[in-house]
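One chain comes next, on its own, written as structure tokens: the form predicted on its own.
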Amino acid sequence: MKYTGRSFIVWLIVGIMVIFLFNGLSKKTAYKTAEISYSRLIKLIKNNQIQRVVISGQKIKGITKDGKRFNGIVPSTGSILKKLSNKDVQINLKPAGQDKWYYSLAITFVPFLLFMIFFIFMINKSSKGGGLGGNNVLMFGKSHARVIASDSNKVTFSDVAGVEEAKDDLKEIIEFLKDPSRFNKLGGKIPKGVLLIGAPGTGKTLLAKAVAGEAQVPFFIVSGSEFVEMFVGIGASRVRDLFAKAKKSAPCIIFIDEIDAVGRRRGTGIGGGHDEREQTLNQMLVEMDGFTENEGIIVMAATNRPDVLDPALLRPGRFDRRIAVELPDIKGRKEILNVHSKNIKISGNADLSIIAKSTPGFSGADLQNLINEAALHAASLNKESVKMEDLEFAKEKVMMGPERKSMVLSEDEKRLTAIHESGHTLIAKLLPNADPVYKVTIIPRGRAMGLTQQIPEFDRHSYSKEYLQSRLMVLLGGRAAEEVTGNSITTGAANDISQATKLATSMVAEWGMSKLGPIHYSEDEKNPFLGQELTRTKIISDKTAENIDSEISFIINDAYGEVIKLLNDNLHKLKQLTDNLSEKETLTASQIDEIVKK
């Protein structure tokens, strides 16, 4: 329904008719009022039979003591008031003209008119603010999906880097959207749904948008949380509305971001199976593969929690393809940096390949943030272009957090921090399987008072036992350095100990790198709703649990003993590193090498 000036007039006429009808009925059901003469009024006053009156000009209305209503006209208000006051009658005075019919009508109709105007205004505002229809009334059950027209979507595969395998898997989808008959004539059916799985920031949303841009088709984008509302049935209604609009724009792409918000496994919620989220999911399952055909509609979704999705959502016929969008390797990181630095003035001395090599584990979003931070830093220093030092500054800020310049360490704390970080650094330099040390600093950054930064020489996809043992020893190097130098052990090793314990636990219980053999031990079945603690199910015996604890303790203590021995054998190198770090506060890889070689 569309609200225009004509419909407003219709509503106005209906409202006036309702008011007149109400007034007519109220007059019929009201108490009967008798017209009396002036002489009769005087007689009632003398006999003290009047209870109260209302005087407006020459008009008088009142009620007798026996409950009868009357009205009349008096020649003089003053004389009547004197007679009434002598008989202790309740008197109310009103301005003349207030009893006119249009005045009463105005009092009754104006609030109604204001309410109607406000009601129509709110409906028009809500209809324009949500959904694709523009002027639809009561948008509660309408889809809030944003639509990007085919001619306005400028994102293509050239804007997406570092995910070449995922792009190859999606090219077939693009070909189908461009020419569906090419596939239909052979009897083949294109996948109905594509699920993009990957860590946050890997470019899943950008990839889906690029598919629509390459195919030049409308792109409907909606978040999974936008379907679920407080009122039961609204989410399912929005799903129906979304697919109905998509059918009118076919061929097109529907993209559901963070689908785990609505697609979680059914039957595991505390509130039972008939809640709003499950009804929404049921409707989505029907729309994707039910009795009705959705020809030309490709449903794409993104999630970083595929383990909590309902199995019915993942079966063939719904999300037929699952494409992993992994973190980029060194080549992918270089390409991503090139994409995001297109509009940035990069100096000739800035080598993006060095930044790509020194940022393992960075996602596309992290790299975009790095380039942006470098540009902001260069602009704050009034530079004409982004130089290599700006990129290094941005990398350290993203990796280690901003410098806490307001935090002032005492000389004792500074020395203890230098000892701790020198322990990490020296162990990393002495072990052949450890990652190279890139930089060590005792300048507080983020939540850390100091930091030893190691950068792998290449991207690792699997880890050897020797590498993990080296990693464990580097983690314990800080605490061991505090011990061998004779200083008090501090709380600075808390995070190191936590990481070492988790690493040793994984080596024993998950990777089979202990005397217990290649057996996977697990104690919990994670529930997507109730949390890990409420659903913990013990599936190992007490004796096995003791053996696991014993092996974890042995691995950590054995590594710690090796670290203590290494540091005692190289105590002079530890002292040299500590002295230089205390003095300079930051040491680079070349400075560390020079100290250790001496």
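The numbering used is simple: start at 1 and walk along the sequence shown. What you see is a predicted model; the values in this text were computed from it and never measured.
The form predicted in complex with adenosine-5'-diphosphate is left out here; the points below concern that form.
Segments offered: 360-368, 341-349, 79-87, 374-382. Contacting adenosine-5'-diphosphate in the model of the complex at heavy atom distances within 4.5 Å is 360-368. Heavy atoms of every residue among Val160, Thr202 and Leu206 are located within 4.5 Å of adenosine-5'-diphosphate in the model of the complex. Think of it this way: in the model of the complex, adenosine-5'-diphosphate has a heavy atom of just one of Ala504, Leu476, Ile442, Ile336 within 4.5 Å, and the residue is Ile336.
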